[in-house]
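The data below hold one chain only, encoded as structure tokens and taken in the form predicted alone.
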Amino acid sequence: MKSGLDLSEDVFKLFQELLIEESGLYFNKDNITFFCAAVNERMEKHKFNTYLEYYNYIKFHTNKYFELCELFDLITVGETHFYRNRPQIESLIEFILPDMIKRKTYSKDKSIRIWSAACSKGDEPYTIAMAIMEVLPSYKDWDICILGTDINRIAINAAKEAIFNKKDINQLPETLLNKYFIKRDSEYILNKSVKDLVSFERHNLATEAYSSEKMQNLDLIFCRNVIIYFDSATTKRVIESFYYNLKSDGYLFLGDTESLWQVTDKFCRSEFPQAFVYKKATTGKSKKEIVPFISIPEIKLQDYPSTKKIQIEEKTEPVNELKQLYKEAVIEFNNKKYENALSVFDKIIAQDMYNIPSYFAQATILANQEKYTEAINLLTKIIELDSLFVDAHYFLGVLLDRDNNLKGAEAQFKKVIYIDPEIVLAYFNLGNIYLCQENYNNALREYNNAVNLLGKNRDKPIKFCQDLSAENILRACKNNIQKIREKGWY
């Protein structure tokens, strides 16, 4: 059978155009090996000898719909897990659902309607269902409809089964894992109480109507890390349909690297400390829409370090005491008892003014409480103590951006790159800042820097954002590069 190298550029372009027409999905040359493996499997099934033969079959044959479904099942394998993009899920639990439930209780509308589009194996809609069950103990008295759809039939069948592996649930809080799953050997079986809140259908976002009753009058739509794979025309068509299917106060959840810039002005942005979502706009374009949003990084506190003060004085007793205090503070931090944690970190700093991890933890807590000025002051102090502490520079860049100080944010991300030129999000964030400032040449440079770096380090984790895959950032960079070039902005 043919290898990926045997697929000519002209025939690959034919496949690209057909896939856009039938699914909105854009496959570029980065995915050619994966694409060819899927096509080869179907060619072997039908005994075709050339790629062009197979193309003509799925383009013109009367049975093409069924064959396209088979091909889509192979080329649309979604990467997902429970609690993916944790900051968004926590914003849903802590802010959006409580506010929605309060409004609906007041108006005596005890219904919640949610659509998880491109849901893959069901991790996302089931995560949403558990969130509702946690926030709304009386959920059984409500009319709750959560719909999960995907173009991939294999994924939909797996979602209905609701049997997951360790990789699927490794980001799930242990309390929820114990509460809603039964472990059987290496598998995790979801409770019926969660499954009952969710239904699944196969649906093609790009070509099929959004006419299902379960897709109408929605409170929330989740479509994360999907439109980044669509061409621009499909993206606009999908987002427009989402707009009309949402209620007037409905929310649209997209992926971290996905933006409605140059797509629509019918949504405004609702920002939370570590995430943002789009809300159906009732007035004109939101001013915040054109400002790049950069998520506050999730901080995992490290073990208590040896610090300058203690090293100089060489005292072991204070070290042991401070280690114990630090351990207590970390427990309070992890349990989200932030005021208690701040108090304990204050005690540590009172005895050790060089304790950078304690300052950094305090800055994180203050940022999550939207006390950005206080957090900025602490990060500035940390940098005075250690000018090469890259985490502080990155975090400060994020908060300056949040404070609309784009010049200050730009300076910090440049320092991040000077200290560690392998941090891809620094280039990506700089590209977004330059794009916002209409500095298109610099934006192109930084996006290309990010693309080149991702090409060399594709399998490495993304520092400062564990939920972002290299593929998502690569797609976002290339999409922005393409938009800039299409508009001739350089």
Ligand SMILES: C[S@@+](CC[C@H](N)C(=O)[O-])C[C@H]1O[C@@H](n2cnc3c(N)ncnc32)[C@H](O)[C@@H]1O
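This structure is a prediction, so every number in the text was calculated from the model and none was measured. The first residue of the shown sequence is 1; numbering continues from there.
There is another form of this protein, the form predicted together with the ligand, and it is not shown here; the text below is about that form.
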Whether Gln171 contacts the ligand in the predicted complex should be assessed with a 4.5 Å heavy atom distance threshold; does it?
no
Applying a 4.5 Å heavy atom distance criterion, does Ser23 contact the ligand in the predicted complex?
yes
Does Thr76 make contact with the ligand in the predicted complex, using a 4.5 Å heavy atom cut-off?
yes
Do Phe164 and the ligand come within 4.5 Å of each other in the predicted complex, heavy atoms counted?
no
If contact means any heavy atom within 4.5 Å, which of 132 to 140, 398 to 406, 198 to 206, 239 to 247 contacts the ligand in the predicted complex?
198 to 206
For the ligand, considered in the predicted complex: do all three of Tyr126, Ile146 and Asn191 come within 4.5 Å of it, counting heavy atoms only?
no
Interface residue in the predicted complex among Cys119, Ile221, Ala329, Leu379, criterion: non-hydrogen atom within 4.5 angstroms of the ligand:
Cys119
Taking the ligand in the predicted complex as the reference, which of Gln362, Ser259, Asn355, Asn225 has a non-hydrogen atom within 4.5 Å?
Asn225
